[in-house]
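Take a look at this single chain, the form predicted on its own, given in structure tokens.
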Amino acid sequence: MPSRRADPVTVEVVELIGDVVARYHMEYEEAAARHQLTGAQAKVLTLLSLEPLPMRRIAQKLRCEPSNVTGIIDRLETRGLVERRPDPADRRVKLAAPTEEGAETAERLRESLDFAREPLAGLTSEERTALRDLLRRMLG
């Protein structure tokens, strides 16, 4: 019967991934707070800066209930960072989209996230590509 214990390298890799994730979340929350946003609001605004999305799709990306997304969008809309607009492909569906101020805020937020950018800058292009490919493979 094979051993169920992980080898030492696997244990270390899992711990390192956990450390990276924890540091990223910490920096993300701090960057969001500098823009008077919660972490969830910042994530939604960043998602929307890539493309307008229906609430259901935002919920899928964040792995949460659509009702949670509605509250987040309401607060972002109140601040003038997001607007709801009809989906041109299906006018029954509302898309959330960043306003000009929302897009600018998302860009400033993205620029303020140094944690991931700085360590990755120390890797060669080939190393970053290999890391990306390994992470994609791990995620299936």
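Counting begins at 1, following the sequence as shown. The structure presented is a predicted model; accordingly, all values stated were derived computationally and were not measured.
Note that the form predicted together with the DNA isn't included here; everything after this is about it.
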Any non-hydrogen atom of residue 49 within 4.5 angstroms of the DNA in the model of the complex: no
Residue 113 within 4.5 Å of the DNA in the model of the complex, heavy atoms: no
The DNA contact at residue 81 in the model of the complex, heavy atom, 4.5 Å: no
is_contact(residue 56, the DNA) in the model of the complex, heavy atom dist at most 4.5 Å: yes
Contacts with the DNA in the model of the complex - residues in 7-45 whose heavy atoms fall within 4.5 Å: 38, 40, 41
